[in-house]
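Let's start with one chain on its own, the form predicted on its own, as structure tokens.
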């Protein structure tokens, strides 16, 4: 393996490969990406892969909005296909959250996002298979949908390599190298690499690497599960049905190809001791299908086809850690995605590359995502929605 690089990126998911691609687009070609397994084998490959811009805080919404055109124009901007399907997206809320929904839509439209509030009649007309009551409301985005996380990562990686980057899989980073208050490279299972800049884009696996530097990243490893179920005929939505997050029933769902639907539960996540834990709880698939049928009754007679689990790297405010670290020169973070990094990956990659090459992100602001926000008492505050009481539980509420 090579012994030097201008930039070493640790992690070969959507975020890491996006950073590599964008660095080459800015003319930095001495880039080495290291992946402990295979590309997209971690959180990315198990992602729900929803593409949406509806967030309850402006910093995340800006990143998601900056990423959306990349998915829409993938072939021209990156090359190849990312599997993006524009189904439209709807965020459904509990009746008591009407004011929050309206306030968030005002915030989002102020950022230039194409979204609007629909009442029960409009929701039923948009998606005939959706269960709606008279007081129900949802925020609709016509441009959103879902993508293929594996295809997205592989095409980003291929474009990065075409641009001059090198990608080495099956290579684990064992520790960060440093001198004084500066990171100078990495030690791996294949040898040492000296680098001017090391970028961590490896989720929960970043935590033990920074501990040796005296940095305690506020990241909890959480296991998230999704099920794939057979999709009934006769649903009216484009691409199969709407992509959705339904806080009334605690589900997020999207079509998956021609005959399946992916469904997850916003409160099925559990703390795990290791990000390598990929256990699906026995109760999860049946519960996920049951809750999906509450949102779309035609699914009541359908079957679970399979399920899988993957790791999330969750921060206290459920927002990412992006940027340089004061007092630790040479190290850049792109971790702590909290289950929603995939849809923002094209923008995060652009921002991190701009930070490294030009000194400041210009695609979107990343100042709010600094690690120092927690020590300084300024976490990102979201105008979050309630979750239907039928879900119960006390675990973290996560959506993809």
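Numbering follows the first chain given and starts at 1. Quick caveat, the model's predicted, so the values are computed rather than measured.
The same protein has a further form, the form predicted together with a small molecule, not shown here; the description that follows concerns it.
*Asks:* Consider the chain as shown here, without its partner, and state which of 210, 221, 225, 155 has a heavy atom within 4.5 Å of the small molecule in the model of the complex.
*Replies:* It is 225.
*Asks:* Under a 4.5 angstroms heavy atom criterion, identify the one residue in 54, 373, 36, 62 near the small molecule in the model of the complex.
*Replies:* So the residue touching the small molecule in the model of the complex, by this definition, is 36.
*Asks:* Counting any heavy atom within 4.5 Å as contact, can you tell me which stretch out of 285-293, 87-95, 325-333, 306-314 lines the small molecule in the model of the complex?
*Replies:* Stretch 306-314 is the one.
*Asks:* With the partner left out here, if you bring back the small molecule in the model of the complex, are 130, 242 and 248 all within 4.5 Å of it by some heavy atom?
*Replies:* Result no, not one residue of the spot touches the small molecule.
*Asks:* Using heavy atoms and a 4.5 Å limit, would one call residue 369 a contact residue for the small molecule in the model of the complex?
*Replies:* Heavy-atom contact with the small molecule at 4.5 Å: absent for residue 369.
*Asks:* Does the 4.5 Å heavy atom contact test between residue 363 and the small molecule in the model of the complex come out positive?
*Replies:* Answer no; every heavy atom of residue 363 is more than 4.5 Å from the small molecule in the model of the complex.
*Asks:* Please run the contact check for residue 349 against the small molecule in the model of the complex: heavy atoms, 4.5 angstroms, yes or no?
*Replies:* Result no; residue 349 lies far from the small molecule in the model of the complex.
*Asks:* Just to confirm, residue 144 within 4.5 Å of the small molecule in the model of the complex by heavy atoms?
*Replies:* Judged by the heavy-atom cut-off of 4.5 Å, residue 144 is well away from the small molecule in the model of the complex.
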